[in-house]
Each structure stands twice: as structure tokens, then as C-alpha cells.
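Quick setup: the C-alpha cells below cover two forms of a single protein chain, split into structure 1 and structure 2.
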Structure 1
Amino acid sequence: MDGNEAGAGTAGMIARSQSKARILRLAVAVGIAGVFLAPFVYLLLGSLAKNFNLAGTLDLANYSFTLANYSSLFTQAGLYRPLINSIIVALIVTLGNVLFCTLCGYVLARRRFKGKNLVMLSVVMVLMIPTHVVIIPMYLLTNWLGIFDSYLALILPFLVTPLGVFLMRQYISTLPADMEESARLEGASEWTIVWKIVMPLCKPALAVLSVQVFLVNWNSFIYPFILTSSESMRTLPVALALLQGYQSINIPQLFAASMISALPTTILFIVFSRRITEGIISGALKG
């Protein structure tokens, strides 16, 4: 009896101290979240602010909302074209990766041929190449190919990514091959097999891949920056970085432009949060 009561007492104490620890942990977690989110709250409020004070800080005492910063971006600052460019480029690059990485992944997962290990090795080695190291030859190459300052320069080099080939090969090798075999016996071509059988089974991997590729491409700065020169070919990050040096731009406008650039990624993030984290984790564990 005594022992039981004592046991219940300690259990109660443990439970109470556990719930206390839980609340403390929660408070710490919220505090850390504040550190990571505060700059974005500042960005959002700034983009909707009627005026910043002269020092460049948000005037919270006299804060009033306005959408004028957003509308003037398209009329004054010419952000319309960069926005369209970013959308076109990111969508085509994502689509290209979905298609081409599946094809390559399929061959690398299913076939045995001379030089296959070499191709696999090339994928892994290229993943390790620091991309900023080759900005000069990439600039020259697009000039020589005659695609400098065009959509092709923004799209072609990124249409097939090594990470995509790698992920798709890994994923397809875990799929059973018997459906492909029976389709083949029925006379289906290899293209039909990939399109009708492999692609649908790859949906989870393709979702991870497309979110990943879209995000990276949407945010990409250095290549769109060096591979284009005219204003009409700028993507959103490039336009944004160059707007800053522009005299007539004010901070609320700059913040509104930043919001427009950050919005699609934020929406993607909220909707596909799990896919994004999965993509990063699987890329890390397998890579």
C-alpha cells in the first residue's frame, strides 16, 4: 500500500515536472522560431508600409497599410517581365528534369552495358563540382553557341541535373520490373514502357524532384545574372538585385518586390513542406 502510494506520488511529480519541461521546451521552440521568422515579418510589414522613416526603419508608431508598393512595381519598376521570365524558365526546367531524368534513370537502373559504371560515376562526380568555379567558361560557351542573353541560355544548361538523374535511378531500381517485362512481351516500345508504366510509378520521387528543381531554379541568381545582359531577359532575383542600385527605388518597393519573389516558394513550402524536407533528406542520405 505504502509503496504504491509513494509510487503514485512520484509518478504524479514526474508527470507534473514533465509537463513543466514540455511547456519550457515549447517556449524555447517559439523563441527560436521568432529568431528565424522576425526578418520575414519585417519584410511583410515593410512591403505594406506607407512610409519608412528616413533612417530606413519601419515607423511602427505611424504605421499604415498600403498596396501601392506592389502596384507601382509593375507600372514603374518594370518587374512584370522578370516575373514572367522566372515563371517560364522555372517551369520548363522543372518539366525537362522530370522527363529527361526519368529516361536516364530508367536506363541506368534497368540495363547492363559497357561503360555504365562510367556514366554513373560521371553523375556522382559532377555533383561535387563547385558550379561557381566555371562561370567564365559558361559565359563564353553561351556566346559561342549563340544563345547568350536568350531563354535557351537560361534553360538548356539546367534541363538535366545530376541530382535528378541520381535520384531517379535510385528510385527506379527499387521498383519491381515484372510489369515492364510483360508490357514488353505484348510488344510495347521502350518509350511506351517509360511513359505508361515507369512514370506513373515514379510519382512520389518525381514530386520530390520537381519541387526541388523548381525552388533551386526560381531562386537561382549567378547563372541568370551572367548569362543574360538585356533588361528584358532578367529573371526575378536578377531584377531584384539590380533594382537595389536603382536610384528611384525606395525600401517599401524593394520589399514588395522581395515579397513577390518569396511568395511562390513560401506557398510551395507550405503545401509541399514534407516533400521538400524529404527531397533534401533523401538527397543527403543517398548522395
Structure 2
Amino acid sequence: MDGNEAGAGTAGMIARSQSKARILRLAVAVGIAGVFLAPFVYLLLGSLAKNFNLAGTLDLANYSFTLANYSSLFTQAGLYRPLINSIIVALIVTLGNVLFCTLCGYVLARRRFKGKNLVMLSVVMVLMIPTHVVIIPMYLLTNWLGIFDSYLALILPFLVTPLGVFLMRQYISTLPADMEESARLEGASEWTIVWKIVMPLCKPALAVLSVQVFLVNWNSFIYPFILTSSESMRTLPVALALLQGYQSINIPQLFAASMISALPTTILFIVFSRRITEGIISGALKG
């Protein structure tokens, strides 16, 4: 065997080894994806099933397809209003966090003022407090302000979050200030600098913040349950919890409602997946 044949043999072994490694990685990735997707597929099949067996599980052997579970949610269970309430609350709170957290983060990252460190320390301290600790004070405060059982009670306390302020402050601190200084020398206002320079540079962080805030508020149950009392102000998670009867549960209908609840967050993640990945990677690299 000459040198060329030995080299070709070694290259072939390396190629076969790399091919096996790729197949193994693909198999592991497919297995992990299957584990995560299985509950979602089961939920989808359950939401379209005509009947479940007596044990309350999906009978795949006698499976039959129907859309009646979805239509009954709106014609019988009255899910229109909770769905609209959830959309309104989640969208406004998300937009509020994008705007106000960016402004707060910009001020804490770029401006110098007395007590700045104390303000930043208070933001970090609030991050450490479990959100459920403030449920009763928030209930009393909304009553005192006269906004209990209204959109204001569901939106106003959540327009700014300490996590959002901390995230935007950290991200803006890593951005070069040269462009802002140049714009300032050309007479641009602070609002113009934030709107036209800082916010476009913060798109990955804003995507992460938007998805996180939207998910939290879309799936929020305890605060809408405590801060509202009328059926017209229920959000989707509260309506889902109350969809179950005292002595019976319509499982296909419950699956359909859960599917409707999961759909917007799934679409949001698919649309912003690239931005989210960029934001996470950028945050990890910049520390």
C-alpha cells in the first residue's frame, strides 16, 4: 500500500466517522424534538377528536375528526370576550414594556444623575421579590384607585417590569455611544436619539423582551383572577379554568380551548425565533 492509498483510506475513515456523528446528532435532535412536540400533537389531536374513551384518554383506534369543539367554545361557552381581553391586555402591556423599559434602560445606562446606583439597586432588589408576594397589596391598591375589575387594573401595574429595565439597561450599556454623540452634536433631541438610533440597535433585546412579556401576560392567571370579578373582564386563562363544570368536564372542548390559548404564543415564537436567538447569543457574548 503506497502513501496515496493510505491517505485515501484515512480520509475515508474520517468521512465515515463524521457521517456517523452527524446521524447520531440528528437522531438525538429528532428524539428531543419528539419529546417536546408530543404533548402539543396530543393536544391538537384531542382538540379535534369527537370523543374520548371512558378513562378520559384519546382513543386513537376509533379516532374521528371534528371542528365542533372549536365552534362550541364560541357559540356555547362564550370564549369571544376572554379571548379579546387577553389580546388587548397582552398587546398593550407588551408595547408598554418595549417603550418604558427602553426609556428607563437608556437613562440608567447613559445618563448621570444623583441616586442612579440606588435606583439600579432597587430594580435588582425588586427582581428578587416573588411576584405573588404583592398580590394582596395590588388588590388593595386597585380598589383604592377605583380601577378594580377594569382594563386599567390588568394593564397599569405591568407596563414596566424590573426584568425588562434590567435587560435593556445591560444591553444598551454594551452599545457604542459614538453614534449617539454624533447625533447629539448635530442637534438631535434625546427622544430622536432613542427612537432612531438606540431602539433599532436594540432589536434582538427588544424581541426577547417582547416575547417574554407577551408570554407572561398571555398566560397570567392569578392576577386577572384576583383583580377582576365580572365575566366580561375575564381573560383566557381564567375562562379556561372556569370552563370546567362542577360535576363534569368536556375534555375535547377543554383541549380545543387550550389549543386556542397556545396558538398565539407558538406563532409569536416562530415569527421571532431568529431575533430571540440573536438576542440570547448577543447577551451571552456581551455578558
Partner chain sequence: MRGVSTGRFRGSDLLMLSPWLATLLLFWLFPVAASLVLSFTDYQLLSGQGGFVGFDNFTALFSDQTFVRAVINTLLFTVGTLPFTIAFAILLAIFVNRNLPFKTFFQSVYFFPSIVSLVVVALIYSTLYARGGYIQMILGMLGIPYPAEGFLFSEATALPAIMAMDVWMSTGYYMLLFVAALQSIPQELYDAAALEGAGAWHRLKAITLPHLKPMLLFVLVLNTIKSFQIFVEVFVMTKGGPLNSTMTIVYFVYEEGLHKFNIGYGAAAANILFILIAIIAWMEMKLVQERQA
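Being a predicted model, the structure only gives us computed values, none of them experimental. Take the two forms, find the largest set of C-alpha atoms that superpose within 1.5 Å, and that set is the rigid core. The first residue in the sequence of structure 1 is number 1, and each one after it adds one.
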### Summary
Form predicted alone: structure 2
#### Entry: Rigid-core frame, C-alpha of residue 221, shift of 2 angstroms or more between the two structures
no
### Query
2 Å or more on the CA of residue 260 between the two structures, with the rigid core superposed, yes or no?
no
### Task
Please say whether, between the two structures, the C-alpha of residue 67 moves by 2 Å or more once the core is aligned.
no
### Query
To one decimal place, what C-alpha displacement in Å is found for residue 26 between the two structures with the rigid core superposed?
7.2
